[in-house]
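As a starting point, one isolated chain is supplied in structure tokens, in the form predicted alone.
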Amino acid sequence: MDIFADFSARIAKALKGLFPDAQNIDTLLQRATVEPPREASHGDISSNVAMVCAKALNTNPRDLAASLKEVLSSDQDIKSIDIAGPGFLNFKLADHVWHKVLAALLEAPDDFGRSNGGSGEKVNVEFVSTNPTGPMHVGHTRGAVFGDALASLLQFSGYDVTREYYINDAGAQVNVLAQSAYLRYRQAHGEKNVEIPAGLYPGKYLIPVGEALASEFGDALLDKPEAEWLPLVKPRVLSAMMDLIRHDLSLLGVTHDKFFSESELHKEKMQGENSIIAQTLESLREAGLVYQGTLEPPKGKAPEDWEDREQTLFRAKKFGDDTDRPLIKSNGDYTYFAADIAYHRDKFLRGFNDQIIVLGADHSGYTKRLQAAVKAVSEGKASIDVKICQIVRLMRDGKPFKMSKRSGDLVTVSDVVGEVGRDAVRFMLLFRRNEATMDFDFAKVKEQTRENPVFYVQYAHARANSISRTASKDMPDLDISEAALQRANIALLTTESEVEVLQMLAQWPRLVGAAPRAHEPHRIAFYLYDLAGVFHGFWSKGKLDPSLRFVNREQPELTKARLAMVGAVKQVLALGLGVLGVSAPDELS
């Protein structure tokens, strides 16, 4: 039950009744909001509908607000309506509205807030997609957690979601990785003076790979030229690195439905069929979107793919990009962007009109070019939302860690999860907008205080469970089974503190409906923290005022009503934590 959607419909009905001949009301209402006011003193629901619609309806906002107030004042669910400022409508609702919300939650607790807003629409969420050159470090972790939570959020709203990982296994860095592993292979054979030169990967994580190569090939590769051993070493080291990455992802509770290999884009198919990239470029040529030309040098530092020569270009500017983009390098190889276009065309051909890609901060300039690519290859039928995850600074003793795969000085996912746990890592990385830089303070995520959001929220869930145990102990004859609490007289919940909790619960359906549309899982983390705050606040008031305690031996019916509310809080916390991939413990040590 989404009371905000409900009252939005009531306002729309009232507006259409006032202007029965207006043809544009539905369009106008798309820009109107019905939401909790910023200040609690302003009421329970606030709407800007009068300000949004007045001009188009040839009236002024305050007059329109007054007319709406007159029509809606007879609604039995509304206590009062105030007109504020230039024409805001502020509603105070009757207590029984909040009781209806609680009743709906108790009747179908697992489905509270769920919707079929996605209508089974296919969505591809590509995330992590780090180069397979070593274990994941914390810089990759934020994108992994964000992408996984976003996918779960979309699934909660009825989308058919595919989690995808793009394996960058066709670039020069993979040859460098194989060369690094080959040196570890030589070391495994006892060669004492083998050094890892600058430009290669010196990380110790390649030592087991070298040992595995030695076990498999013996000394057969030692005297072979690179052209012979490279094709043997490369697929094995890639497989080992992907095993490392899958293991790191499992530590975060992340699994992918599909792993797509970049090398597949470059392969020529059987019976002489062109590669996926070649097919893509041919389709773009047929559409008049590929041409031979030159590019003006960009202002400031030139990008890696800019060359001062006539070259094969994609008409990216036609689709909103800042410049057209090269497709073929001077040596005849395809550019990275050519592969990107082909890959996203492949997604479209697999039925994904709705695509999301999660990238790191160093890819912030990719948004327009990827959007242009998807528009071009789908003839405007598909779209892509590029989500950028800014850097995470690990803090210890007030100093940030330095991370580099090339240097081997890594702070890995395994390190971080091993120290603070999966729940803390996931919740803290989601407790901030993805485009905002954040500090991950090891000391703070270990605190058992309100300053540690994950503890604060999980403690609320554990406290709700503890209250139920206390009731069973103190009032053993009181039936507090799920069925009994569904029949509780929740109309007894009328104090300011009780209504405040119910109002927070009522926000869940609206929030979990809006967050997937905006692709913003952080909203869930923020809401859970606020819900936990209201719940902890009620519990604290009960310590000072016995009449507000959840368990009252003198008032069994009120106790049951409050326990029903406590169970509802526990359920919504569990639903939200589940979306975020964080556990909802019944006890905290």
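In this text, residue numbers run from 1 along the sequence as written. Because the structure is a prediction, the values reported are computed rather than measured. Basically, rigid core = biggest C-alpha set you can superpose within 1.5 Å across the two forms.
Missing here is the form predicted together with the RNA; even so, the following discussion is about that form.
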Answer among 385-393, 153-161, 215-223, 475-483 for heavy atoms within 4.5 Å of the RNA in the predicted bound form: the stretch 385-393
Residue within 4.5 Å of the RNA in the predicted bound form by heavy atom, from 139, 326, 210, 509, is 326
Taking the RNA in the predicted bound form as the reference, which of 514, 499, 103, 251 has a non-hydrogen atom within 4.5 Å?
-> 514
Proximity of residue 199 to the RNA in the predicted bound form, heavy atoms at 4.5 Å = no
Is there any non-hydrogen atom of residue 256 lying within 4.5 Å of the RNA in the predicted bound form?
-> no
Decide whether residue 463 counts as a contact residue for the RNA in the predicted bound form under a heavy atom distance cut-off of 4.5 Å.
-> yes
Give a yes/no on whether residue 90 approaches the RNA to within 4.5 Å in the predicted bound form, heavy atoms considered.
-> yes
Can you tell me which bits of 525-562 touch the RNA in the predicted bound form, meaning any heavy atom within 4.5 Å?
-> 526, 529, 539, 540, 542, 543, 544, 548, 549, 550
Threshold 2 Å Cα movement between this form and the one not shown for residue 31, core superposed | yes
Is residue 50 one of the residues whose C-alpha moves 2 Å or more between this form and the one not shown after the core fit?
-> yes
Yes/no, residue 61 Cα shift of 2 Å or more between this form and the one not shown with rigid core fixed | yes
